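Next up: just one chain, as structure tokens, the form predicted on its own.
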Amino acid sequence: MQSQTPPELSLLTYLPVPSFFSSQLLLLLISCINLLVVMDKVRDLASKKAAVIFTKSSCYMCYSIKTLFYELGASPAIHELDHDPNGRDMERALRGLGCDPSVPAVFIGGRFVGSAKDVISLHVDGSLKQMLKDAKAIWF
């Protein structure tokens, strides 16, 4: 039985790399580069609309945060990570940006605001609505 080369390793045959690098080190390097690319994608998606929420469809806190935004009059962009082919990578990228737990991850005006606990705190002290106004996610 012939073993198959994983697709990541097949890339290694095309890279001019000194022989002292191990394949594990190169896989780690490729993984880090992929994470940086996905982080850029998350930042790009987060900046496309005044309010953006990364969620999972089975997360009750995500549902609560979305409902809060709708009740405040905002129409946030919703990115359901469990329905996105790159969802797992995006979750890792959100953790890398400081969101723990990874969902819900809320961005207002392209800036990371936090997760459910942070958003609820902002709502209780009255600053969430002002942040949404400043970002032009709501007008009243």
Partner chain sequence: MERRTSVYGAKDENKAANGIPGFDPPLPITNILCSKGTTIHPFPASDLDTFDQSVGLCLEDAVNLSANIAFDSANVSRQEVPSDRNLISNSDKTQISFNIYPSTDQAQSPRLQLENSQQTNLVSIPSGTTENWGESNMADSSPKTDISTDADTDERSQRFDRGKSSALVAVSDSSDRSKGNLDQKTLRRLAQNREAARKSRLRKKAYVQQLESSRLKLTQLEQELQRARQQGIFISSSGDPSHSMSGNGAMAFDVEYARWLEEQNRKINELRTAVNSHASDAELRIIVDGVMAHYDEIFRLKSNASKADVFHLLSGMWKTPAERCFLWLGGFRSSELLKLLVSQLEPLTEQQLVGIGNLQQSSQQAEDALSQGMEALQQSLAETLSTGSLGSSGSSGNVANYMGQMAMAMGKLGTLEGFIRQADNLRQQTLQQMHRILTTRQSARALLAIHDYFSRLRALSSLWLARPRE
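None of these values were measured; they are calculated from a predicted model. Residue numbers count along the first chain shown, from 1.
Although it is not shown, the form predicted together with its partner chain is what the next lines describe.
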Taking the partner as it appears in the predicted bound form, which of 105-113, 57-65, 81-89, 27-35 has residues with heavy atoms within 4.5 Å of its partner chain?
57-65
May I ask you to state whether I120 is within 4.5 Å of its partner chain in the predicted bound form, using heavy atom distances?
yes
Is L72 close enough to touch its partner chain in the predicted bound form, meaning at least one heavy atom pair within 4.5 Å?
yes
